[in-house]
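Okay, here we've got a single chain as structure tokens, the form predicted alone, with questions on binding and movement later.
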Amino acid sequence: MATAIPRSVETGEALRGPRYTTILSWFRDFRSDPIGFMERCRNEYGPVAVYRAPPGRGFVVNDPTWIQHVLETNADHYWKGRMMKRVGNGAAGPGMVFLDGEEWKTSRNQIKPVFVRSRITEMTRHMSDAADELTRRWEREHLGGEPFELFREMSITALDIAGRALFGVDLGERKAPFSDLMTQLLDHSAYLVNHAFVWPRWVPTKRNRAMLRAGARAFETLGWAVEERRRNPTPGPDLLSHMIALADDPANEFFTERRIYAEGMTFLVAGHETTGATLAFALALLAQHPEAETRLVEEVDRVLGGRTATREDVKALEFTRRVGSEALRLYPPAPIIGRECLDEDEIAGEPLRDGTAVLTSPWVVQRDPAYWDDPERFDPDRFAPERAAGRPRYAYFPFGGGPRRCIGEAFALAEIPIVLASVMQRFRVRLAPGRRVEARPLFTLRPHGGIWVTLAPR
């Protein structure tokens, strides 16, 4: 392994970290460059640091052992925190991502049956259909033409897949405007978690009025999807029909009609953009690394032979899957994960009390030279079994971890290789001249300024 900063945090000495005069001064510093803040804490103070920001303090944890402690081993001592609760208090109420305690457990247990392997296998045909539709449209609209923005295209495709597979409906012409609304709502979520004080929703500020309009338009589309699924009640593997059945069950007092909308909006907002960003970053990385692109194309041609990728092909698309894993390593959808201590705990010998914030960063840990050779380099073979052996479990956690590990992980890990294989089977994606690929952490990670590309035929 490459040389890195000392890993030991069991020194018996008090943990160090940056000091701020007030909590507001910390917010300003963190908001200006959240990943930079996390990296400085690791580089200057070690894998576990404590920042002081009167009237309290917070922990920055970038050590896999203590990440596992917070997210998994002692997960019951932590909750998502006040900022995430602020985001979740929308018009439909908080979805599962924003819930805690017994409410969260009940919601997750009732939704979990949708994400078992057999149902995901059924849903993958929708991934293939949406990927085929994307490539046909690109042949008509973009092949050999002007540069276009890849992240938006991938987000729309991911939304199309979510609509078909998770909601059992074809969003049709609603896809692009609905995706744009989701982006607006995620931008607002980033604002809510990155500011110490925000005006309540009922105060008619310009921002609040804009978000209420965007939310109302988004719920119109979601309402259409719910009614469309009720009009076509054929049983299927999709999430929406499952939620409708739960809400229609008189014995189920928890899953109300309102919860259908809360969970539905959560899955659409959080799910489609994260996968869209991963697909866009993966295609951009391939465009910058011709050897990896050649290997992936050879694998796709050998496995598929010109036909559409299916769930049965995912296992054989081994290198394609590694490309997706490496894109998730370099560009994790949630670059920073936060928790808040519920009662009392201890990290690296330092006590935590109720209300103490804990921040950890997949971005920082997944680029740490202590766990990854030449960590800034794109190298999909890091995920070959022989190289992954012995790596700490929480040196790689793009889907979080513990009981709150992303419920849609298996869905995304099937979707990513199917879409990548479909695109690379027909096109060579090239970055537009003079355009850089830069990541921007908001509520989720997205390309700053987009990813502009052109298409060439294979």
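Note that this is a predicted model, so its numbers are computed, not measured. Note that residue numbering follows the sequence shown and begins at 1.
We do not show the form predicted in complex with a small molecule, though everything after this point is about it.
Q: Consider the chain as shown here, without its partner, and state which of 426, 57, 42, 404 has a heavy atom within 4.5 Å of the small molecule in the predicted complex.
A: By the 4.5 Å heavy-atom cutoff, the listed residue in contact is 404.
Q: 400, 34, 64, 46: which sits within 4.5 Å of the small molecule in the predicted complex by any heavy atom?
A: The residue from 400, 34, 64, 46 that makes the contact is 400.
Q: Which single stretch, out of 137-145, 303-311, 363-371, 262-270, brings residue heavy atoms within 4.5 Å of the small molecule in the predicted complex?
A: Looking at the other structure, the answer is 262-270.
Q: So in the predicted complex, does residue 201 come within 4.5 Å of the small molecule, heavy atom to heavy atom?
A: Residue-level check for residue 201: no, no contact with the small molecule.
Q: Are any of the heavy atoms in residue 416 no more than 4.5 Å from a heavy atom of the small molecule in the predicted complex?
A: Taking the distances in the predicted complex, the answer for residue 416 is yes, it comes within 4.5 Å of the small molecule.
Q: Contact between residue 108 and the small molecule in the predicted complex at 4.5 Å, heavy atoms?
A: Looking in the predicted complex, residue contacts with the small molecule include residue 108, since a heavy atom lies within 4.5 Å.
Q: Does residue 411 make contact with the small molecule in the predicted complex, using a 4.5 Å heavy atom cut-off?
A: Because a heavy atom of residue 411 falls inside 4.5 Å of the small molecule in the predicted complex, the answer is yes.
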